[in-house]
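Read the single chain below, which is given as structure tokens and is the form predicted alone.
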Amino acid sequence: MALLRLFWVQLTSMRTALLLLLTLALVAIPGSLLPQRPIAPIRVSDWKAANPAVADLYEAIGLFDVYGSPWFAAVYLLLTVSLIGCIVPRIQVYAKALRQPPPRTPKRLDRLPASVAGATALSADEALTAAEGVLRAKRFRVRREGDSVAAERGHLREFGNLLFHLSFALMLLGVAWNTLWSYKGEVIVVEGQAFSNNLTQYDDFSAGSQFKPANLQPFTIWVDTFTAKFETGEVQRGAARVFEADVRVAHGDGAPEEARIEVNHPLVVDGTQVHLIGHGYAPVVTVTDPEGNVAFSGPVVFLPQDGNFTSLGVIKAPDARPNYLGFEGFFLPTAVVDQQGPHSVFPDALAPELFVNVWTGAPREETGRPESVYSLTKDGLEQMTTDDGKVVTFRIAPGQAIDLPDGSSLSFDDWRRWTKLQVSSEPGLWLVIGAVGLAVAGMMLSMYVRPRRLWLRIVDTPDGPRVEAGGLDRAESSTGLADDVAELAASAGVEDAARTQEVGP
């Protein structure tokens, strides 16, 4: 029992809390230096493949999921317990101090850092009443006993200290709440298409360990139009000026409502935030196989590679017969071919073109394994060639179609814009933000509230009543103590007082 008591005393000391806070900052460093599996599983796999010598060790000690590892959780919980265990006794002491009246008047007020003494023309009762009135007007807590008045103020300073430390505990709880129950997903939606808040709809999704699919709020977003405008002048030519998506939102089975999403102005749907984080182009194409059947038709997302939106993408037609067809190429919004080769010179679609090469091979069997829509798996495929053996490559503009040597064709029907939406729910964010606000408020109280005690006594002398006043500051760097003492004495009728210098506490 004694050992447990000693452990608890050490754990709840402020020194231990500061040490644990430093430890938490140190153990979080690997989480910012190494890829984390909940956020970027593909990057983790790539990193392990590039560093096989240490990959197994890092995996064993949880460096690829730092914030979900047992040792991070242990430090986190110990810090939370330490802060709470440190704060609760101080709150009890503070509550007890609030219930107690100001301390009695010392016998020797002249020994205090600031003091005043002098005769008064008022009676003892009049002097004490006047001094009491001045102290209460300045929001002092006043205690009048016999021939003296004691006053105290500044308890808000300790309240600020407690609030500041308590906010750290609340912040840790908010972060834990957010980490366990939050989720974040990203999805690309082409103009004219819709997205429903369902796990199967996301391109990328990460969530806390306590998240359940039932936590997803049921809503659907239709992206009707996406507007992008760029600077056309000579200064900052091509710089972004407007990015906004006009959408319709339906809550559950409700009727759609019009809304707009802009950069840094998310749409909030039933407590879920929808951010606009990216955009690009999606050429609308139609692939016809040699048998005359439409093997693919619709928009294809191409991913931008530079500031002028030179975009890379693939078009897959697995249903083409007798052979599989795949197209790989670039979409150039403002296409130019010069010494650098094909490239885009402006991010807006002023002269869009597709530059494509063709791959073909035997039809593939369905395996059920997922495959990236942004890359072409070339196993079993070869580039299509003409009769004289030249590789088939071509450029095509909207409204044009190309007939291929095997009898198939590709038509570039149109283009649309796509937008990348980030859907996230952070249930503990309000607690974290509130805790930060409390921390700032507590710090301000600690810095600017001046705890101060003042006393005044009436002493009967053969020449009449004499006033003795003194004061004491309970915090360093406080000013104005001597002035407060002099004002207190003056309120009691002292006109010509012998004042000591204010020298601090």
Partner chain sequence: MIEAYSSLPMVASAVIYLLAMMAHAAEWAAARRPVEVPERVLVGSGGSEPAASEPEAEHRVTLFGRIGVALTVVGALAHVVGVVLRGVAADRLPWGNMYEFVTSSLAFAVVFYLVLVWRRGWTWLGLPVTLLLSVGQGLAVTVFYVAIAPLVPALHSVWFIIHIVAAAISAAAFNVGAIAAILYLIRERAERKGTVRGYLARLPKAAALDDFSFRVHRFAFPLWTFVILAGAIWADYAWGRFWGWDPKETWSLVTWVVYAAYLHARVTAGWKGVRAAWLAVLGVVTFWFNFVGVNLLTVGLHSYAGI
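Between two forms, the rigid core is defined as the largest C-alpha subset superposing within 1.5 Å. Positions refer to the first chain, counted from 1. Only a predicted model underlies this, so the values are computations on that prediction, with no experimental measurement involved.
Same protein, other form: the form predicted in complex with the partner chain, not shown, and the subject of what follows.
> Would Gln201 sit within 4.5 Å of the partner chain in the model of the complex, counting heavy atoms only?
No - in the model of the complex, heavy atoms of Gln201 and the partner chain never come within 4.5 Å of each other.
> I'd like to know if Asp110 sits close to the partner chain in the model of the complex, meaning any non-hydrogen atom pair within 4.5 angstroms.
Flag for Asp110 set to no.
> Taking heavy atoms only, is Gln236 within 4.5 angstroms of the partner chain in the model of the complex?
Because a heavy atom of Gln236 falls inside 4.5 Å of the partner chain in the model of the complex, the answer is yes.
> Might Val432 be said to contact the partner chain in the model of the complex, defining contact as any heavy atom within 4.5 Å?
Looking in the model of the complex, residue contacts with the partner chain include Val432, since a heavy atom lies within 4.5 Å.
> Look at the stretches 142 to 150, 385 to 393, 187 to 195, 257 to 265 and give the one with heavy atoms within 4.5 Å of the partner chain in the model of the complex.
That would be stretch 257 to 265.
> Looking in the model of the complex, is the partner chain within 4.5 Å of a heavy atom from each of Met14, Tyr67 and Thr479?
All of them do, each having a heavy atom within 4.5 Å of the partner.
> Please tell me which of Glu426, Glu132, Glu328, Asp289 lies within 4.5 Å of the partner chain in the model of the complex, judged by heavy atoms.
Filtering the options by heavy-atom distance leaves Glu426.
> Given that the partner chain is left out here, which of Phe168, Phe226, Phe412, Trp359 has a heavy atom within 4.5 Å of it in the model of the complex?
Of the listed residues, the single hit is Phe168.
> For the stretch 446 to 469, return the residues whose heavy atoms include at least one within 4.5 Å of the partner chain in the model of the complex, in the order they occur.
Result: Met447, Tyr448.
> Classify Ala73 as shifted (yes) or not shifted (no) between this form and the one not shown, where shifted means its C-alpha moves by 2 Å or more with the rigid core superposed.
Ala73: C-alpha displaced by 2 Å or more between this form and the one not shown.
> Cα of Ala17 displaced 2 Å or more between this form and the one not shown, core superposed?
It does, since the Ala17 C-alpha is displaced 2 Å or more between this form and the one not shown after the core fit.
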